[in-house]
Each structure stands twice: as structure tokens, then as C-alpha cells.
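Only one chain is included here, represented as C-alpha cells and corresponding to the form predicted on its own.
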């Protein structure tokens, strides 16, 4: 009978996330992750073939976590609530928000991703694209490029920009951000949800 694992993959991902949030991507080394958990380095390599794979899986897990809630709201057709999702989610997931909004994926991970990781990233991208297109068709009756750009600006660009400077300071965004995002949403897309 095999020995049960003392450390789970999620623990390594959580440790890497905490290191990124505190010191940026360069703070994440295999030895730093192992040290933060008191785990042997080999136990990390047993689950992740490289630092890049560890960072890729951490990034994908975070994107998937954010995107699941965002797309659920978007699917309901409530654009205003979807625009407010970013500040709300970031308040309760400050480290994850720092990861997604302060660091480009390409800055985190160099080199070639394994096919499984590339496929997962591509699927997340397709899901998001389809969510935007469906919502845009619902709102405008079509998903032409100008309409899609308006939707993405109101639902992604504005909320992300609104919370970014607070994340850079290591703070959760204040509640007034919701009011400002709401006003901007209404100005761009009208009173329609």
C-alpha cells in the first residue's frame, strides 16, 4: 500500500500564489515554495515538472476561479452585476487579483507549456469569448466588433483599471469603486443591464 501524500498540489499552488502576491513572480522559486510549506523540493517536482508548470497551473486555476463566477453572471444577462464582479471578487481574493491584474501571463511563465496546459488556457479563452459574444448579441442584437468592444470595455477594462492601483498598493479596492464602475457602465452601455 502506497504512502499518502503529505502535501497536496493545491498547497503548492497556494504557496506560489502567496509568494507572487508578496514579491512578484521572481519570488517564486521551487525552493521558496518548498520552504514556505516545509516540504521537500522533490515533492514539488513530483507534481510539477518545472517552476513554469507550477506557475502555469497556478495562473490557470486563478483564471478559472474568477471566470466561473463572472461568466455565470454574464450568462444571466445582468451586465451591470458582471461589471461589478471584478471589484467584488478582488476584495475577497486580493492575492488572486494581484496575480491576474498586475502580471501578464507571459511575464509569469516563459518557455513552452505542455499541451494539456495550452489546451486548458485555450478553452478558458473560448469560454470567455463566447460569453462576451452571447451577452453582446443579447444587448445589441448582434456581436459586431464595435458592440463587442463596448461590452469588453465596460465589463473588463473599466473594472480592471479601477482596482489596479489599489492592488499595486497591496490593498483591497474601496466600496466607492463600485459606484464609479456602475456609473461608467451606465454611461457606456446605458441603463440596460
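Positions refer to the first chain, counted from 1. Model, not experiment: these values are computed from the prediction.
Below, we refer to the form predicted together with a further copy of the same chain, which is not included among the displayed structures.
- Note on contacts: among 139, 124, 162, 34, the single residue with a heavy atom within 4.5 Å of a further copy of the same chain in the predicted bound form is 162.
- When contacts are judged by a 4.5 Å heavy atom cut-off, residue 150 counts as touching a further copy of the same chain in the predicted bound form.
- Although the partner is absent here, residue 112 sits far enough away that none of its heavy atoms falls within 4.5 Å of a further copy of the same chain in the predicted bound form.
- At a distance threshold of 4.5 angstroms between non-hydrogen atoms, residue 85 is out of contact with a further copy of the same chain in the predicted bound form.
- Although the partner is absent here, residue 166 is a contact residue: one of its heavy atoms lies within 4.5 angstroms of a further copy of the same chain in the predicted bound form.
- Scanning 83-105 for heavy atoms within 4.5 Å of a further copy of the same chain in the predicted bound form gives 98, 102, 103, 104 in sequence order.
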